[in-house]
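Okay, here we've got a single chain as structure tokens, the form predicted alone, with questions on binding and movement later.
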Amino acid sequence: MYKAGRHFLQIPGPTNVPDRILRAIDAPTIDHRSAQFAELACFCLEGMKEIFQTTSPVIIYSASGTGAWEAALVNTLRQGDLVLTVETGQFGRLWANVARNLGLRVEVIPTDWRHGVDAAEVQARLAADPKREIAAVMIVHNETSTGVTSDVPSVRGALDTESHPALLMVDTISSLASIDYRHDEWGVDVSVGGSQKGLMLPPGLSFNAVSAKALDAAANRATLPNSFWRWDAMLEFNARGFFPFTPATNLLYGLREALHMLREEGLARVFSRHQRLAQATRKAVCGWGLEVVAQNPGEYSNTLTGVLMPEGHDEAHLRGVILDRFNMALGAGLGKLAGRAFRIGHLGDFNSLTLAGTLAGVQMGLELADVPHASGDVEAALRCLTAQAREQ
């Protein structure tokens, strides 16, 4: 049955694709060995350096973020290498599983999924590694399953304090182009990204930003089998504006348009917009008398908010009511939070009026699903958004 009005896709990715990007993708496919394609590819490859805030190479894959996870590992490590990871949520857990499937040994620092990476604990694990067996430290910058953002520079500081040679690998999939992220300044060796969140594209592109140290590991140390993911082949072809395989040409059209849009707004303003909208979302959650998953205000995510359900109430039921009555999709609870928390995505092509509609839909859904809450407190978010508008 047709439902009038737009579908509100308020999951934390894939996000809504702007009309400009949809129009860019809807173009005739060109020869991926032509000069016209090389111009497109070079623009995208260089533009992604701005997004990662790096002068190092950025490699683009026709794959989901999971592919970029694997690429980070197989290009730098050996069979049986030990990697240290912090399980701040479901996606930290899944990346660790990718490492195990590749034959790597994985040492996990667990968390309660309500806090980010504890750099002091990472440092303690590094200090307890006198033989320097840990080959890489893997962390998620912004955990999509919880709405917790971790402090990447503090983890770099832990490695530097211990003079530990391990590579630092960071998943930026739900923070890239939405939350300030600095590959070079923060001393990251491999940054992993995806197209379907802050870049406002459909799923299908993923990224590795790679440091000189990571490239050296790829050339002189790595022995894990790989073919499709090989950095050296990609970089050789990329230098001329091409790929060693057939690329996702039309998604690159979309990426070019996304890069234009982000430049027009300016990254600093993009980050500020996401921060403002996240603050207003949390005002509404607190006004409903509900609890944000993230417990440390310094770790609140600016791209999504995880919301705990009152005891005895199921988030899947609430999301089903909201989808059925208001044609709005919210993020499901994942892993440990399945049934216990829902997620409000507020990233990508998103503004104050879109957020106001989203929060109104959540509040109406809470009422219809008989979830205990304080009613009428979308007003707190609206007051926040109004005050922000005065200051702009």
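Quantities reported herein were computed from a predicted structural model and do not represent experimental measurements. Residue positions are given as counts along the sequence shown, with the first one as 1.
One more form of this protein exists, namely the form predicted together with a further copy of the same chain; it is left out here, but the text below deals with it.
> Picking from 148-156, 81-89, 163-171, 222-230, which part of the chain touches a further copy of the same chain in the predicted bound form when contact means heavy atoms within 4.5 Å?
Replying inline: Flagged stretch: 222-230.
>> Within 4.5 Å of a further copy of the same chain in the predicted bound form - does that hold for a heavy atom of every one of 102, 202 and 245?
In response: Judged in the predicted bound form, 102, 202 and 245 all sit within 4.5 Å of a further copy of the same chain.
> Within a 4.5 Å heavy atom cut-off, is residue 354 in contact with a further copy of the same chain in the predicted bound form?
Replying inline: Yes, residue 354 is a contact residue.
> Hey, in the predicted bound form, is residue 98 touching a further copy of the same chain, heavy atoms inside 4.5 Å?
Replying inline: Result yes; residue 98 sits at the interface with a further copy of the same chain in the predicted bound form.
> Quick one: is residue 265 in contact with a further copy of the same chain in the predicted bound form, heavy atoms, 4.5 Å cut-off?
Replying inline: Residue-level check for residue 265: yes, a contact with a further copy of the same chain.
> Any of the heavy atoms of residue 328 lying within 4.5 Å of a further copy of the same chain in the predicted bound form?
Replying inline: Yes, residue 328 is a contact residue.
> What residues of 268-300, in sequence order, lie within 4.5 Å of a further copy of the same chain in the predicted bound form by heavy atom?
Replying inline: Heavy-atom contacts to a further copy of the same chain in the predicted bound form: only 273.
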